Structures are given as structure tokens and as C-alpha cells.
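Take a look at this single chain in C-alpha cells; it is the form predicted alone.
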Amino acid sequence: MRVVVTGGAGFIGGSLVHALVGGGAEVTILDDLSTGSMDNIHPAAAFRCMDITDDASRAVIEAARPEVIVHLAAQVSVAASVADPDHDWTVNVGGTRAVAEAAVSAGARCVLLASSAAVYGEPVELPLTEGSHTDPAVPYGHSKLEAERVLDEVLRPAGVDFACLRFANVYGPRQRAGGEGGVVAEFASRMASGTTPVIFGTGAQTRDFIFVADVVGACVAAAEYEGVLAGPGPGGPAYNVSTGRATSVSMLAEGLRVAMRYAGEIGREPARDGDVAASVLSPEKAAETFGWRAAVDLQHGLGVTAAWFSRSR
């Protein structure tokens, strides 16, 4: 199988490329290294340092003749999307349009988009299903929802199959703390360096935390699926990539404290604008369609993540 992975030098992309190459795929990576790292690139993959909004990216994708494109490249920082929503829109919407149009001209069979639980906004029901109401609370969520619509607009008339994989809160080794990093990376980085981690709000807010290896498994399963992903049904081409289990931020912090052997304090700050009170996503549609379920227990995943951050400090 020939696969193009945009953002293939990133946290999720690097792990995905390793899995694809290990399974015998011929992989081409497009990444501008704005947040990715050369350390994440598999030596057997072809690599082009390139922005997906660059006009030249189309020719690179066409030359790779991909059967499948996994589009991970994105502006993923919520804070950055609030500070500069125009840039967020250019990368996440304009970049997705460029990739979709290149997929059509390259004769790709399928495009997988890394979307986000942020498209739902504040839930009106739990667990969230692909048919749940979407009302993003931040520009990042708006751009991801529009990216989903762009795929439908460009690919469906061309007969190219596609799926919008709505990732829950992804965590694991090699994730960057800071701007685009999740709370697990932020906590683990601070605990490893002896800096006080901070919980914003009460800590009772819940999230659906999913280990990066499970996300990779979902991408591979969808890429190898021989049926139609963009078919009818609730949410159409949308698929939650999640565990279906809610964990409070306070419980997460305590679990990571044990895994990191951190004996310090955990700070508290007021809640941040745009943070939802509760979020958990049903993974049933992905299980029923392409046979994928998350397999990594949270405490095991935190242990693996903690070990990586401890070695990397």
C-alpha cells in the first residue's frame, strides 16, 4: 500500500509512519517541521520538508501516487487558534482543501482526516456520538469542523472515499508540552523537571484520554478497510477515535503522580475560557465499521509515557 502522511514528523504522525512501514507500506511524509522533528521520521520513508499550503505540495503528492492519504498536518494549539484565528483557518481549512484536491488528481482511493473532539463543543449529551450536535467553542474546533466539510465538498463528487477521525485527548511518548501538547504531556513534563503542575478549574472536568498507539491502530485499520467509510448513517464520514471512558483531570494528575513518582504539590488556577466541563466519546461506530477498539489501559499508558518523559528530562 502506498501512503502519504502529512504531518508525518509529528507526535502522532511519527508513530503512524513507523507502524505503516513496519506493515510493509511505502510511505511518503510531508511535514514543514514547524512542530515535528527529524527524530520522529522513519529512515525508510520518503521525506519532503514542505508546508501543505505550498502549491508545490500537490506535485509531490501526485508523484507519490498514494492509495491512501492520512492528513495529520494541522495547527493544533487551541490557544494559538484564539490568538490568530485567520492563521488557524488557513492551515486547517486551506491546507485540507489543498490535500483533498491533490488526492483527486493523484487518483487516491481514500483520505483520512485527523479531526478532533473539539468540533462538538460543550456536550448536550454524553457519551458523544458522531450524530451529536456540533457547536465548537474555540476557533480550532470551528476550523476542524470546516475541514470535514471541505473533504465532503471536494472528495464525494470525485468518488474518493474519506473519513473524518475525531480524536479524543491523545497522549503518549514524544508529545510536546506547551502550546499544542495535551494535559498529560504538560503534567508529565513539569513533574519530570520538578516544576509544579497546574490544574485549571476544579479538576472535576472529565476527558477521554487515548494512548497514541491506539490512535495509530485506528488510522491503520481505517486505511486498510475495504468497504466505504463515507457512507450514510449518523455523522456520515465521521468516526470517534476514543476509549469511551471518562477520567477527571484530578484523577489523571494523581495517576500520573504515581507513575512519575512525583512527591511535589499540584497547583490550582482558575478555569480557562473554552474549556468544556465534561467530554467522553463513544467509539462504537469505528468498532462496528472497521473493527477498531482502543486496547491500552490508562494507567499502563501513563506508565509508558512517564518513563519516556523521565528519560528525556
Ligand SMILES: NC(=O)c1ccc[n+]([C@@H]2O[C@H](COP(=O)([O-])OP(=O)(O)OC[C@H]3O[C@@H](n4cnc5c(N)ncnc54)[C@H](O)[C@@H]3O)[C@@H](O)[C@H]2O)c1
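The first residue of the sequence shown is number 1, and the count goes up from there. Treat the numbers as computed from the prediction; the structure is a model and nothing was measured.
The form predicted in complex with the named molecule is left out here; the points below concern that form.
**Student:** Between the options Val76, Ala103, Cys164, Ala188, which residue brings a heavy atom to within 4.5 Å of the named molecule in the model of the complex?
**Tutor:** Flagged contact: Val76.
**Student:** Which one, Val184, Ala114, Ala147, Val111, lies within 4.5 Å of the named molecule in the model of the complex by heavy atoms?
**Tutor:** Of Val184, Ala114, Ala147, Val111, the residue with a heavy atom within 4.5 Å of the named molecule in the model of the complex is Ala114.
**Student:** Where, among 153 to 161, 103 to 111, 229 to 237, 67 to 75, do residues come within 4.5 Å of the named molecule in the model of the complex by heavy atom distance?
**Tutor:** Selected range: 67 to 75.
**Student:** Quick one: does Val280 come within 4.5 Å of the named molecule in the model of the complex, counting heavy atoms only?
**Tutor:** Result no; Val280 lies far from the named molecule in the model of the complex.
**Student:** Under a 4.5 Å heavy atom criterion, is Gln205 part of the interface with the named molecule in the model of the complex?
**Tutor:** No - in the model of the complex, heavy atoms of Gln205 and the named molecule never come within 4.5 Å of each other.
**Student:** Looking in the model of the complex, any heavy atom of Ala223 within 4.5 Å of the named molecule?
**Tutor:** Taking the distances in the model of the complex, the answer for Ala223 is no, it never comes within 4.5 Å of the named molecule.
**Student:** In the model of the complex, does Ile12 have a heavy atom within 4.5 Å of the named molecule?
**Tutor:** Ile12: contacts the named molecule in the model of the complex.
**Student:** Taking the named molecule as it sits in the model of the complex, which residues of 1 to 34 have a non-hydrogen atom within 4.5 Å of it? Please list them.
**Tutor:** Those in contact are Gly7, Ala9, Gly10, Phe11, Ile12, Gly13, Leu30, Asp31, Asp32, Leu33, Ser34.
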